[in-house]
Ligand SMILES: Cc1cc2nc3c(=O)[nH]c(=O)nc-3n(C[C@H](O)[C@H](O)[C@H](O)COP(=O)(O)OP(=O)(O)OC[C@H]3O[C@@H](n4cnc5c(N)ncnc54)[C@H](O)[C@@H]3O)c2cc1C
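Consider the single chain below, provided in structure tokens and representing the form predicted on its own.
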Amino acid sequence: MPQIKKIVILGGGFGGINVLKSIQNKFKNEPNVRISLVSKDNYFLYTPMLPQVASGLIHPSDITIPIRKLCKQAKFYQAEISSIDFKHKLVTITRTFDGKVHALDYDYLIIALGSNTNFYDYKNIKEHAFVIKTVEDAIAIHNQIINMLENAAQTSDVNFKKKLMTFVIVGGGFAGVETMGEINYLIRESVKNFYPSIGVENISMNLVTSKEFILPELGPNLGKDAGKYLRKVGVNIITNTKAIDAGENFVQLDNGEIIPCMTLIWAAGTVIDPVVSSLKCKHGKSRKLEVDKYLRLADHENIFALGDCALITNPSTGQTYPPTAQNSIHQSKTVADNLYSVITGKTILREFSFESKGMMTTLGRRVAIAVVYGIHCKGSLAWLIWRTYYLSMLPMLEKRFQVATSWTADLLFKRDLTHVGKIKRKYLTKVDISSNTSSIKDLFKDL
């Protein structure tokens, strides 16, 4: 009997999902190849459009795709990844609903676990800040904005009203700038059309960046142009400054300034998942996994890594590739090709090399800024390019239709101001020990 080859993919983001799609196509006629994917969420999230969910422009379901729809011949596990054992080729996963543990063995492992939000040990900021990393985060920000609008409209205390209508976003990269552009438009339009008692003069939008200008990835010229536009539409940009503390009603900056506010959004950095950073292998900067030119881990030829958790160097520039969706997608093609070559016995592997065709970001309604094939572009044309590109990159036709419909509706109607209340979720906390405790034998019963 031919030996079964087991492939386990860790992560359901851009890297993991695109590797899954590629190897399913490559091995669709290979009955002796078994593919498994593990993710803590049961959906793939199209993260570039999260700020539009936060502003109510599109619905959360528009940018979420159930992973099982993408698993044509793969087995999916919705679970937390507890540990990875290179020596015994095991991945231990824990089901969040009841804490049940499984152990998955593998012949080939693909690590695409992305990254988590980095608060740089600022515990108070972690406690009081919103983040923009998941679809739940975007919904929480949208709810917070509506909540602040409703409360500000019902108070006659001007100072309290100003606190309610003061918003601070920390982080001048793509996530922070796009989120500011979206919510600034939402808040100002909502006050103008539905909350006249608040008064636009009481709105204060603040974007804090540690750099000299925002969007340093686009270079100084476009970065400064973006800052000029945001200031024009009422955003106060605070440069060369860091947030170092926060409470329920304030944010403190390292220049000594304290901003009274009720809403802080943190988009200032990422950190590698502890499961990845604790692995016994070679790590690079920020504990990212060191990989060779074929995207394999050093000393582990059966393990590939890509995306945010991998340290991948551009051979042309000597610099590491930035953690973008565009890079993850192209890395996934290299991983899939090389995995197929290794399993089928081919000796020639593909080296990863990719030159970005451009970068772009939105700044608000019908305004964006971009670099495409070295050409600088801004305004409505860049906004149209941004929408066309990201719409085409959505994995499923039905999602493209949903997003396009939401965009069209936004041109004709006002934004949705519905506040979604708390949602109850049930967990199993009292279960029979015999049904929830697994022996070593039990761990492998599903393999």
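We number the residues from 1 along the sequence you see. Computed from a predicted structure; not experimentally measured.
The same protein also has a form predicted together with the named molecule, omitted here; what follows describes it.
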{"item": "Contact stretch among 271 to 279, 258 to 266, 186 to 194, 150 to 158 - heavy atom within 4.5 Å of the named molecule in the predicted complex", "value": "271 to 279"}
{"item": "Contact residue in the predicted complex, chosen from Gln144, Thr320, Asn249, Thr324 - any heavy atom within 4.5 Å of the named molecule", "value": "Thr324"}
{"item": "Heavy atom within 4.5 Å of the named molecule in the predicted complex - the one residue of Thr209, Ser328, Thr166, Thr334 that qualifies", "value": "Ser328"}
{"item": "Contact of Asp416 with the named molecule in the predicted complex (heavy atom, 4.5 Å)", "value": "no"}
{"item": "Partner proximity in the predicted complex: Glu201 to the named molecule, non-hydrogen atom cutoff 4.5 Å", "value": "no"}
{"item": "4.5 Å heavy atom contact, Asp245 and the named molecule in the predicted complex", "value": "no"}
{"item": "The named molecule contact in the predicted complex: Lys40, any heavy atom under 4.5 Å", "value": "yes"}
{"item": "Residues within stretch 13 to 29 having a non-hydrogen atom within 4.5 Å of the named molecule in the predicted complex", "value": "Gly13, Phe14, Gly15, Gly16"}
